[in-house]
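Alright, here's a single protein chain in two forms, structure 1 and structure 2, each given by itself as structure tokens.
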Structure 1
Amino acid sequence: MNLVISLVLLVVGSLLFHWLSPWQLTPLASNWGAIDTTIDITLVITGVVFVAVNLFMAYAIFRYRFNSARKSHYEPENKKLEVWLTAITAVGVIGMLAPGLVVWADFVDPPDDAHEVEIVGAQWQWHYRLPGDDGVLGEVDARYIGPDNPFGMSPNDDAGLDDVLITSNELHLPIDKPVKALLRSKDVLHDFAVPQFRVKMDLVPGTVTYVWFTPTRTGKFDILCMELCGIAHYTMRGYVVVDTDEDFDDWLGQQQTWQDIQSEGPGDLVAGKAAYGVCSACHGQQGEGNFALNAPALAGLPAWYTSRELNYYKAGIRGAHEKDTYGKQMAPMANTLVDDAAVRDVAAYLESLPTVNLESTIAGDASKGASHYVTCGACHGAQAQGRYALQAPRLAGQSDWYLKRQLKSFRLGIRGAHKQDAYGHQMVLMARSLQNEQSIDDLLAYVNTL
């Protein structure tokens, strides 16, 4: 009897759960409403079967419960009944399959007027490329990928010169224009998925795949990588911002083309040294840092990292959180560097300074720290040497008190919570796997040994 009651309750409960659940498909933001319709059709058909089968079973269990005075009905088969059931099932299956195939036919065939955008995945970042004025994406090849050419642009194809290269994790798209997203991966499988758009597709190294959709709602939507791509898979996030046409054009105008990027010269060390004068008050003449003033060592830091962070300070991406005491001190200082060139000069100058040996201020169990560092090493390198390709700075030789404060800030979202701080956001997620002060100390004790 308990079983009969609980079967009925489970059926009723499942239906109630479905109707009352606040957890449903996210509100649609693309043209793929047909997918939602297909889901609804399938839900109705499968729901009816679910209820019918289980209620009938509950009835049978109740009605034909054991009675020693009775024998069961001997009936090896009933062809008529079985044929009917098969036929009804087949009709139900066709009812679900047919709309599915119709929508799929639409999905595999992008409209001719769809504009192309390339989405590039790499462990664990999203980058984007737009075709520029000529409307053609230049040739690319994995062979050409390097620190100066993260997209692998072919030097032999002029069509690539006006391509707009976006190394931020944020892609803007105009509303109501069909997009054919060409998907390319530099290393392993990834998957481009925006839940509100419904469609998704894998990025496969060695080939280019595609997916198409028309954004129908302005706003900012999360991009999630949905194909396991290694340790930091869960931190591989980005944003699609759907703009009105004017906003989109504004944004596009601010982006750099491949030609722009190539024409940027290296930073000027002399100018950099001069500009560094202001900074040296806190960070020291040789960039050795100053514990008492809470200024970390800067000497020998790679230029790409220093300039990225300076730009973040300037743009209010870093040092804007109300609890970020020292960041708030730094932000106005960064603003004294007037333009991009000044930032590049200072960064180049700092890179040219010899690294200084720093005393460790933290005591911890380095052997325990080593096991935590396995995860960190995926980006920052086994020797904590840092990796440009992953935008992960060198940790070895950095002031441990500074690293500790940053880890805590990441954990609390004081640093890295800003939506445009792609790499900071990864660190927020990563730092949360360190649960207490002791773990942080152990980890840094290990980093100090590198």
Structure 2
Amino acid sequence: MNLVISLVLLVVGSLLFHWLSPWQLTPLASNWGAIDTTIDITLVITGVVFVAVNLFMAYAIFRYRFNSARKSHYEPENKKLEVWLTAITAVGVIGMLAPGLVVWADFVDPPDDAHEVEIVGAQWQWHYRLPGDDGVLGEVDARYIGPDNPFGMSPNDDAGLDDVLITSNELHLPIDKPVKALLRSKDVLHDFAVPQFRVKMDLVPGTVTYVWFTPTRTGKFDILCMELCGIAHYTMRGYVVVDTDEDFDDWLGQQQTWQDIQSEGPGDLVAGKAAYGVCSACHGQQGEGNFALNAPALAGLPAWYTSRELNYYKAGIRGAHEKDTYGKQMAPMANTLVDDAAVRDVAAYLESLPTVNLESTIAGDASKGASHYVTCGACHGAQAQGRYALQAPRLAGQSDWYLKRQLKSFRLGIRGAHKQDAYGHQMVLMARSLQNEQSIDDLLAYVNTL
């Protein structure tokens, strides 16, 4: 009898949980309401079967419970029952699959007026490319990818010169305009998914997949990677911002084209040395850093990383938190670099400086730190040499006291809290895997050996 009661309570509890649960599908923000309909149909069919099977089981257990005065009837076959069960099962399976096939036929058939947008996935970032005035996306190829060409734009295709390249994790789209999203991966399997749009599709290295949708309401929506793509898979987040036509045009006009990026050219070392004069008061003539002034070593840092952080300071992405005392000091200093060219010049000059041997200031157990560093090494490299592809700077040879302060700031949300600091947000989640200050000391003691 206990089993009978348990089965009945299981059915009643499941139904109540479904009807009263606060967890529902996210509000629809695209044209794919048909996908919700197929989900509802599947829930109804499987729900009816779940209730029927469990209640029948409860009835059978109760009705045919043990009775010493009763002998069981043995019936090895019942063709009539088998026909009914096969027919009912077939109808249920068809009822679940047929609507999905109809929706899938539409899902892979974008309208002729859909405008194309390329979405590029890489561990653990989202980047985007939009066609320029010609309405055509230029040719790309993996062999062209590098720090100066993150999208792999072909130098032989003029159609790509006006392509708009978005290296942040935020994509803007106009409302009520169909979009065909071309999906490309630069490394491993990823999966592009926006829950509110009901779209989800794999990014497969070596090929281009696609989805299409029409945004139907303005707002900001999460882009998730729903394919296990590595150790920081859960931090691979992006955003789609759906704008009015006017707001979208304003945003698009502020973005750089491939031709704009090419015209910037490399940093000027002579100009960078002159501009660095202000910085050297704290960071040293050779970028060696100064512990007394809380100024870390900068010599030898990759130009792409230094440029990014200086621009973050200038834009208020870094140095804006009320508890970031040293960041607040850096922000006005970064603003002495009047334009992007000055930032590139200083970054190039610092990269050209020879690295210096820094004394260790951290006392920790390097053998324990080696196990902590396994996670860090997935991005920063086995020898902490840094990896441009993962936007992870070099850690080896850096000021350990500064690295400790940054790890603590990430853990406390002082750094990486700004909504536009995508890489900082990833570091917040990774830094919190270090359980306490001793873990940080052990980790940095190991980094000092590299």
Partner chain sequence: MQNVAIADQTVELHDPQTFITKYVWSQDHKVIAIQYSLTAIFVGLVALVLSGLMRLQLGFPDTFDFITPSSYLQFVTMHGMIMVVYLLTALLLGGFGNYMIPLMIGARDMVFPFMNMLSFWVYLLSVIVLMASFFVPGGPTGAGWTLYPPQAILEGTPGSDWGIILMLVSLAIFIVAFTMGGLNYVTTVIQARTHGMTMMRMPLTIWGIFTATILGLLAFPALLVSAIMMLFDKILGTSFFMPALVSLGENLDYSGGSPVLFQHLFWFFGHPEVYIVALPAFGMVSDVLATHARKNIFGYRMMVWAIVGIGGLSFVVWAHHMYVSGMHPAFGFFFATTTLIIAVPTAIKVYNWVLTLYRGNIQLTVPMLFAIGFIFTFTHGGLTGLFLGNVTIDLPLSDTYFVVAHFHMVMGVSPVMVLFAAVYHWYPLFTGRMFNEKLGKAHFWLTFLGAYAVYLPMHYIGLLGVPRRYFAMGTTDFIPESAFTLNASITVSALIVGLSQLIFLYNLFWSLRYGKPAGHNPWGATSLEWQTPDVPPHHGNWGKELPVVYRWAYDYGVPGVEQDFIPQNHPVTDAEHTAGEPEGSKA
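Structure 1's sequence is the ruler for residue numbers, which start at 1. These numbers come from a predicted model, not from an experiment. Under this definition, the rigid core comprises the largest set of C-alpha atoms superposing within 1.5 Å between the forms.
> Two forms of the same chain here; which is the form predicted together with its partner chain?
Structure 1 is the matching one, since it is the form predicted together with its partner chain.
> Superposing on the rigid core, is the Cα displacement of D191 between structure 1 and structure 2 2 Å or more?
After core superposition, the displacement of the D191 C-alpha between structure 1 and structure 2 stays below 2 Å, so no.
> After the core is overlaid between structure 1 and structure 2, has the C-alpha of K273 moved by 2 angstroms or more?
Yes; K273 is a residue whose C-alpha shifts (by 2 Å or more) between structure 1 and structure 2 when the cores are overlaid.
> Relative to the superposed rigid core, does the CA atom of F291 travel 2 Å or more between structure 1 and structure 2?
Moves: yes, 2 Å or greater.
> On a rigid core superposition, how far has the CA of H73 moved between structure 1 and structure 2, in Å, if you could check?
Reported C-alpha shift between structure 1 and structure 2: 3.2 Å at H73.
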